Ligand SMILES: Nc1ncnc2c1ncn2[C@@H]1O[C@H](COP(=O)(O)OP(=O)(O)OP(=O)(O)O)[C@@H](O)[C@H]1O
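Starting off, we have a lone chain in the form predicted on its own, written out as structure tokens.
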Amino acid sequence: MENPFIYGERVTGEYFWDREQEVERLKIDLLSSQKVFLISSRKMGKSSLVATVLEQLEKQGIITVYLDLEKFSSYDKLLERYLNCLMKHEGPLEKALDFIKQLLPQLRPEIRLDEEGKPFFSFGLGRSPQGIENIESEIYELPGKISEKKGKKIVIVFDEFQEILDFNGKHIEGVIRSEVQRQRNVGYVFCGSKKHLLADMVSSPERPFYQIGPIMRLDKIPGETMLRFLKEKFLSANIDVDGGCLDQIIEFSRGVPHYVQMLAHRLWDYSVSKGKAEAGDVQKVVNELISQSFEEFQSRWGNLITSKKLLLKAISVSGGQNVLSKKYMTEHNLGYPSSIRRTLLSLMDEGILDKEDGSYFFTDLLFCRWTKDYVE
């Protein structure tokens, strides 16, 4: 029988669980062409939620575009890919090129071949005096033009949107805001997992995206919801599961869907041949996963400065509440509050830590366990 637990990729359909309310809310906002900021920690199912919503919207005839900004090394590559995604519904590139000329005659892309010999639109920025500043507004204007010409709604998703900060981000924020706010039939989702960076974009009055649209946050999934999901999947295969196994998965996962799926996937593999999951199997799974990533964790740890190591060790052992209290700082020999604040912010910028309800936590729970168990 096929393993019903999937992790490490976007999932939809029967493999996507819970989040029904979030799906409906996001879908309603996008059908109303809202500009939504979707903020969550890593591994909370943000990308799967978006993929599920886009799949449903496409069935209603809505044009959708999805871009993950973490995949781009430069701003011009991002703009090129964005243009190609917008034009993918227009058939052959020659036809799409005519379409672009009708909508934005001042935008003059050329057709080139990529590394695999496939044609794509390019601006030739590396060999042309035409600069990015001369084309970016036209590209961000294009969804509104397409929607108007085709009489269709469009939904655009920029995943990990905070990555534009590496591309002269505050300037780009202004350019995008000036275009998207005029597009009445285009919905946008600006997603991000570095919550403090994305939240600052939309909540600071001096930033272009201030109050542009609704803010949506993904919370952790309650333990009882996870337990029902796990029981249903294991029982469907007639696998006898020791109740303690499922409790251990939920305890380790701390409400993060990725780790529920990861541990359940490995536990399934352990138990499917013998028809049962026994006490101790979950710990075997955790040990196996840590062993597989041991060298990676050692390298990650070795690249950290001492102040970060001290703070991470403290959080792995004592949790991330009251980190700036005198008792906590003294117990773990962390130094002065101002220094700790800078270290916390740096670790959050690097994506190693995140914060929720005043408490700091590791975004990688396996790295947290490794730090607790293997670092002196």
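Note that residue numbering begins at 1 and tracks the sequence as displayed. Computed from a predicted structure; not experimentally measured.
Beyond what is shown, the protein has a form predicted in complex with the named molecule; the following relates to that form.
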{"query": "Proximity of Q183 to the named molecule in the predicted complex, heavy atoms at 4.5 Å", "finding": "no"}
{"query": "Partner contact for P257 in the predicted complex: the named molecule, 4.5 angstroms, heavy atom", "finding": "yes"}
{"query": "Contact test in the predicted complex: L365 vs the named molecule, heavy atoms, 4.5 Å", "finding": "no"}
{"query": "Partner contact for I221 in the predicted complex: the named molecule, 4.5 angstroms, heavy atom", "finding": "yes"}
{"query": "Region of this chain that lies against the named molecule in the predicted complex, out of 313-321, 330-338, 36-44, 57-65 [heavy atom, 4.5 Å]", "finding": "36-44"}
{"query": "Stretch 343-376: residues contacting the named molecule in the predicted complex, 4.5 Å heavy atom cut-off", "finding": "none"}
